[in-house]
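Shown here is one chain on its own, the form predicted on its own, set out as structure tokens.
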């Protein structure tokens, strides 16, 4: 199952809105077929593995990181293919949370006489597909808050003159995080201050183009902003409220951007409404690269799942220098706590990652 999970990981950032899935066909102690789901619309992992195994699949065991589907989606259901292959046993890491599948795939295999085992490395399989599970069960994207800051917690110098805080390696890692997202979100303040492109810049060029999303209540995004011309125009979304100036909205639409008019909360775009709209557009993973106010808004709305903080070995100081999270702040007892913390060097910088603690119980699966 570990090998099947590693196969699934190869398509990270390419399968949305589908999950990452890997499959391994084993017979007489050896692997006779393997595969993974490469992209939405492509054959599912189990079909790839069974095709590779051919006649050797008869009487074999299939290790699968996610329950096989029983419904018609972009591709045909997979359970019939498993039955036709003549498998003896199927080991599934985790059930598919999709209500159209959840337990039905495993039940159909069992009723057909196959030996079915569910729960092998379940925690690892859930972690592999946290964006998919969040999108299906909560109808919103999995949100990662990404920050680059100095050792004393500043995201820019006091006069906003510093463009890059972290080094080349860290910026490359940040683009890897972008490649795993379906949407990159910033606030209007970031657009006005930094004029970012919000594109994925990797070598070789990345195969998918995430949405570039600007939270801009009053439609202040300049028509000359680089984000409007950085890629396909329709992949830029500008979220405004009904109070936004109609002429500015029209000007943005004429530049090719999609303008989303959303409900307001305290005069600003309602972030819960924003992520719901993005979920409807099949955004399962969202990378938040906002300034302090937008980051605080997402946190207070309970919308942040994971934090990735790049820390540069420098001290900027300055009581007016911006910090990653602004807003009214919280006391120690009410602070947002992180769990599962990791830290690793990226060039001269340090990348610290962790999940927002929600009190969820850990899931432990056994093979």
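Numbering follows the first chain given and starts at 1. Given the structure is predicted, the values throughout are model-derived calculations rather than measurements.
The same protein has a further form, the form predicted in complex with a small molecule, not shown here; the description that follows concerns it.
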query	finding
Heavy atom of residue 182 within 4.5 Å of the small molecule in the model of the complex	no
Heavy atom of residue 165 within 4.5 Å of the small molecule in the model of the complex	yes
Exercise: residue 252 in contact with the small molecule in the model of the complex, heavy atom 4.5 Å	no
Interface membership of residue 326, the small molecule in the model of the complex, 4.5 Å heavy atom rule	yes
Heavy atom of each of 1, 34 and 118 within 4.5 Å of the small molecule in the model of the complex	no
Stretch in contact, per heavy atom within 4.5 angstroms of the small molecule in the model of the complex, of 217-225, 278-286, 167-175, 253-261	217-225
The single option of 273, 202, 112, 193 touching the small molecule in the model of the complex, heavy atom within 4.5 Å	193
Selected contact from 97, 189, 77, 231, since only one has a non-hydrogen atom within 4.5 angstroms of the small molecule in the model of the complex	189
